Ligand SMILES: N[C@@H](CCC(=O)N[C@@H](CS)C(=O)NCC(=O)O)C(=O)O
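Next up: just one chain, as structure tokens, the form predicted alone.
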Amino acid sequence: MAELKLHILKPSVNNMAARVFVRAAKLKFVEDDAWGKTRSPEYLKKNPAHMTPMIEMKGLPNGVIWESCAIMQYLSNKHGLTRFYPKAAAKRAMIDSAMFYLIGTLYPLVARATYPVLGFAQYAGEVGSSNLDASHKAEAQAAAKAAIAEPLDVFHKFFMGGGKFIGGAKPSIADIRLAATLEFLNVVDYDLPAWAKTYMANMEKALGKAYAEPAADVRGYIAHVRSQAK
């Protein structure tokens, strides 16, 4: 029996990153669809933050951890998966910096631009969750969408150095997190720059079914959302 249990929500790109990783790393795992379960007493007892993705494993201080980047870092460390998370301090720092920059800068913009269309709840204090009228919400959404170009350029020029991946010749955990994030932009018809389109294609080619299968769930949800808007 697999020692790793991964609790996920299939439409989420945050969850997609962890789902891609465990497949690409060829880890033994079982996957639990947590749709409708995250507020249950059983789930909250394990995870009071009611978040996904979450892994459940023996040996963790509290039995579980959540947050996609933390999950990938932990599993890489546990299993010595240096092809995804280099051991050298300087290379690892670059991977960590890319992930933190994504979480702190790029992803909030992606969320503000896409969550209103995806039907996902926005965070407290966001314009989209306020009582402002639709025009103000649309303006905020458009501003977030326009602002995505700058951090994307940072990823290309700084973290990738114009190369193939953040991790160098092969994808790293930071690449998995970035590629998954960019999947959501399809719902707002975001015109990715040519390098990003090539990058996405290279990620899917490099990781094969490990990427394509979880991506299909995200893309399927986006297709459903778009069909309902017609």
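Each residue number is its position in the shown sequence, starting from 1. Because the structure is a prediction, the values reported are computed rather than measured.
We do not show the form predicted in complex with the ligand, though everything after this point is about it.
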Inset, instruction - Tell me the stretch among 165-173, 22-30, 36-44, 201-209 that has any heavy atom within 4.5 angstroms of the ligand in the predicted complex. - result: 36-44
Legend entry - 4.5 Å heavy atom contact, F155 to the ligand in the predicted complex: no
Inset, instruction - Please check if Y123 has a heavy atom lying within 4.5 Å of any heavy atom of the ligand in the predicted complex. - result: yes
Inset, instruction - Give a yes/no on whether E56 approaches the ligand to within 4.5 Å in the predicted complex, heavy atoms considered. - result: no
Legend entry - is_contact(H50, the ligand) in the predicted complex, heavy atom dist at most 4.5 Å: yes
Legend entry - Candidate spot N15, E67 and Y115, all three touching the ligand in the predicted complex (heavy atom, 4.5 Å): yes
Legend entry - Contacting member of A138, A93, I103, A146, with respect to the ligand in the predicted complex [4.5 Å, heavy atom]: I103
